[in-house]
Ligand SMILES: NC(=O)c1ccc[n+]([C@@H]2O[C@H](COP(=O)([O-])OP(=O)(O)OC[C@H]3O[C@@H](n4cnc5c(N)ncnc54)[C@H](O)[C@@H]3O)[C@@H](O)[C@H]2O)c1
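Shown here is one chain on its own, the form predicted on its own, set out as structure tokens.
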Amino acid sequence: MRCLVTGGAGFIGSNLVEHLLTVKDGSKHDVVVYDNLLTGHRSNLQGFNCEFHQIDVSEELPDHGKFDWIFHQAAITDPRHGDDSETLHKNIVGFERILRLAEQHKSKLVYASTAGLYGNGPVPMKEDQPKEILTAYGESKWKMDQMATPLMGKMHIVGLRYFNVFGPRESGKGRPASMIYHLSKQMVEGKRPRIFKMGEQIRDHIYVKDCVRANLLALEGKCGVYNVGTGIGTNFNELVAALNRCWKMDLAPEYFDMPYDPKTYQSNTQAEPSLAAANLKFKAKYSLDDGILDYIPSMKKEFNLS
């Protein structure tokens, strides 16, 4: 299959590219990557036999031929990006252009949505519960879901509401990289892991390899918008304990006041995963500890540990 991965030099995108190029079932995929390299990095594609174009998908798209599958990962993903109008424009206009491209080529389209649009609603979070939009990022993704939904059935479209994704190649995200990355970095530097008082906030941490699998299952699943999470909520104290287990350390957390406006801070995330299980046949395979242990060799290289 000929595949387009937008944001393919970024975190989830580059992991998806790697899988498409190394799949072991005998399939052969030609992969084209679009990335504007604002948060993505060419080094994430090092050694991958893919076609790369530095392209901002919110601008006019060139003609690079027909695509069978399109995985749309490109976006401004920082909920605290300093320019809300830029977030809305880049994410919404970019999706409009990708929708038109998919319609033109009759491509199967899988795109990244977010669990961020549930805000501080009840957990576990269900796809049809009322939305609580806290940021421009959440607003842009909610608009994308609303744009995609009327086209489902006319074309193959699946939206994936990622929960708290972690794994290799996320460091380029900077501040929005996962707690697992940031806390691990503190710990290997001999520092106590810093978490908000009193560590009771919860996150549904899902390993990037599970997110890649969800994208592939979406190609054959039922059109719709689905949660991509484990269904397990882990509070910050429990996360520190898991990191200590996996890194074989014993560092107590250091608590500090949460610096963000509570009106824009999502205190708890936890997916209700049953709809994705029913319609995509997706269920996370990696437990929190398993994901961290699989991730540690990559972090060791990044942290220059032997």
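The model shown is predicted, which means the values in this text are computed figures rather than measured ones. Throughout, we count residues from 1 along the sequence that is shown.
Only in words, not in the display: the form predicted in complex with this ligand, which the text now covers.
Residue contact check for Asn36: one or more of its heavy atoms lie within 4.5 Å of this ligand in the predicted bound form. Using a 4.5 Å cutoff between non-hydrogen atoms, Lys108 does not count as a contact of this ligand in the predicted bound form. Though the partner is left out of this view, Gly291 does not reach within 4.5 Å of this ligand in the predicted bound form, counting heavy atoms only. This ligand is not drawn, but in the predicted bound form it has a heavy atom within 4.5 Å of Gly40. The contact with this ligand in the predicted bound form, taken as any heavy atom within 4.5 Å, belongs to Ile55 out of Ile55, Cys246, Val32, Val240.
Residue-level contacts in the predicted bound form: of Tyr137, Tyr226, Tyr207, Tyr118, one residue has a heavy atom within 4.5 Å of this ligand, and it is Tyr137. Checking 6 to 14, 294 to 302, 21 to 29, 281 to 289 against this ligand in the predicted bound form, the stretch whose residues place heavy atoms within 4.5 Å of it is 6 to 14. Contacts between stretch 74 to 110 and this ligand, counted in the predicted bound form as any heavy atom lying within 4.5 Å, involve Ala74, Ala75, Ile76, Thr77, Lys90, listed in sequence order.
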